[in-house]
Every structure is written in structure tokens, then in C-alpha cells.
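A single chain comes next, written as C-alpha cells; it is the form predicted on its own.
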């Protein structure tokens, strides 16, 4: 049985990086950049007004109120082409280019316009309400780095600099296979000794959120030859195969035997982790393989800690781990003697603005209903415990 840190090192060492491809920018959200995005122009590309108001020479307003002759208008996309002289002003809109000769803007609320003139009621200063050319970024600067994931928040960046297509890492192809005679499809009513296949849908969603393409395979019962054949078939067309169930030591726990029978290179098969100790990581032919526990909370936790890392490594992402931080735990939490524990919690803030982690009341690694409310995982090192009010490390889900 290996430590979590050793398991993470093995995953980082063994996981291959996928090749890159070019996609239309509108199809790039969730993809990982395989190139730097470089500004092809200054931003803004000209001195730009921050306000609706009047472009002026600041010196003309020092003895305000000052009456200036109105000589034109500068609007977004239709800048005024003349040159401002002493005693003149140009009406200007937010985002419009600053006319040549102007060095300040006064906002419209502090002005009044009549009969071809504008009265500037309060003085303005040189540079006021102006974003100068190149203030936000200079041409040639790297604005998004290789390894960054494209998101709704940053997709406007490459768009602003002409990237109609982006070079991104290919999506990992993931096959998900639930094992166990007791597992039935979601649409089927289970018999008294059966349960529906909720794990596969959960894992498919988690893989997709990590940038992968997924396929959910038909469930395989507790027959070694069927399981071996299903894994072998999935490995031919997938970058990663994930199974749930059958990784413990019971009579019908056949997953490790199946992958071993395929000549797999098994990197690890037990991790000092609660929940999720019997997790398997291996290579089957050209595909990589995770055998996750069948209990849904164990499957979720091992995905967040281990599988997600492999998927992000395949895509050459710069951020391969879940975001983490610290919180004050509200309530006691106990770990185990030999394994690091990751316990589900909800997050809140108290009256002082401190981040609180509130452990969930749940009933073990089969309690997927309780786990569904979790915002975070609280880490408890092996042999430790946390008293209410202590600072703890959390992973944000």
C-alpha cells in the first residue's frame, strides 16, 4: 500500500501527453491551450475615453467654469479626425478614440452644452478618464499561456487578438465500465438485490468536466472472461479505461485478475486513502486504466484526487490539481490510523468572514446522497483528527 503522494508521483511519471489539434475558437471552451496566445496589437489600440463627456485640453479647464467651442464628435468606431486646438472641445463617447491634441476628458455630468459651445463646470486633469494606448497590454505580449484551459471567462482574450482557431490538446477518450451482476441500467427497475448504475453517469460527467470525451459501456457481470473481454475491447479505442467495482478482495472482485490476464503493467493497486484504498492504476496495451471502488463516494473521491490528475496531464494542463485552500472546521472530524482521509464538507462563512468547512453527516462511502451536498473535501492526515475551530486543508470541488 502506497501513500497518496507516491501515487500522484507515479501518475505524473507514467501518464502520456496527447497530441495537439486546431479547433475553431467557438469550440474551444474546456480545451487546454497547446500554444501561447500573443497580442497582435496594443490594447487599447488607441487612447480611449472611459466616459461619455468631452475631450479637451486640460489647461483650458483650469479656471472652470470654462466655455469651449464644440468642434466635433468622437464615437466608438467613428473617431473625430481633426486636431483639437486651444479653446475647443469634442463630444466623446465611452470607448471612442481621443482626438489628437486632447489630453483629458471631462464627464458629461460636469458639463452643459448649448449653442455650439460646452461649459466645463469643473476642471479636469491631464490624462483624466483616458485609457492610454497599450495600457492594458502591449503588442507582442503573451496574454494566455500554453497549458491554460479556455473558459467562458477568458475566451474573449484570444478572440480579441484574431485567433479564429486555437491549437489545443486533444480530448482524452475515456471508456467507463461498471462491473457487478447487481448493477442494472438507470431506466430499469431494480430487483430487491440490485441497484441502478449511477456511478457511470457520475464519472462520465466528471470526466467531461475535466475535458474528456466519454462513452459509457454496457455493464459487465461477475464473470472473468466477460470482464477481460470488455476491458480489452475498450482499451483498443480509448486513451483511458475506468472501471468501478471489483477491486477489493471478495470472491467476485475480478478486476485486478482481468487486467493482469491482459498482460497489464500495474503501477499500483492499493493507496493509503480513505475512502478509496483499493484503487488500481495500470497500463493495458496502449490504454491507461483506473480500477475504482464500486462505492460511489469512493469512486468520486478517487476521481477527484487521482483520475482527474491523469486527465489534466494528458492534456498538458498547467493546473493539474483541484484548487485547494484552508478553512476553519466547524465540528469534529476523525481520521484513520494508517490512511489519509478526505471527508466531504460544505463551505460557509461566519460573521467575521472566515471560511468554514462543515463536515457532512453521511453514512460511509456508499452514501452518495449525503455526498451530493459536498462543496469540498477536508484532508485529515493519517493518525490525526480535527477539533472544532482548527484550521484544516480543503480541496474545492
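Positions refer to the first chain, counted from 1. Quick caveat, the model's predicted, so the values are computed rather than measured.
This protein has a second form, the form predicted together with a small molecule, left out of what is shown; the following refers to that one.
> 179, 196 and 294: each with a heavy atom within 4.5 Å of the small molecule in the predicted complex?
All of them do, each having a heavy atom within 4.5 Å of the partner.
> Which pick from 244, 106, 302, 315 sits with a heavy atom within 4.5 Å of the small molecule in the predicted complex?
Among 244, 106, 302, 315, a heavy atom within 4.5 Å of the small molecule in the predicted complex occurs only for 244.
> Exactly one of 183, 90, 271, 282 has a non-hydrogen atom within 4.5 Å of the small molecule in the predicted complex; which residue is it?
The residue from 183, 90, 271, 282 that makes the contact is 183.
> Would you please decide whether residue 213 lies within 4.5 angstroms of the small molecule in the predicted complex, comparing each non-hydrogen atom pair?
Contact with the small molecule, no.
> Does residue 253 reach the small molecule in the predicted complex if we count a contact as any heavy atom within 4.5 Å?
Contact check for residue 253: yes, within 4.5 Å of the small molecule in the predicted complex.
> Can residue 248 be called a contact residue for the small molecule in the predicted complex at 4.5 Å between heavy atoms?
Although the small molecule is absent here, residue 248 would touch it in the predicted complex, with heavy atoms inside 4.5 Å.
> Can you tell me which of 294 to 302, 142 to 150, 122 to 130, 96 to 104 lies within 4.5 Å of the small molecule in the predicted complex, counting heavy atoms only?
In short, 294 to 302.
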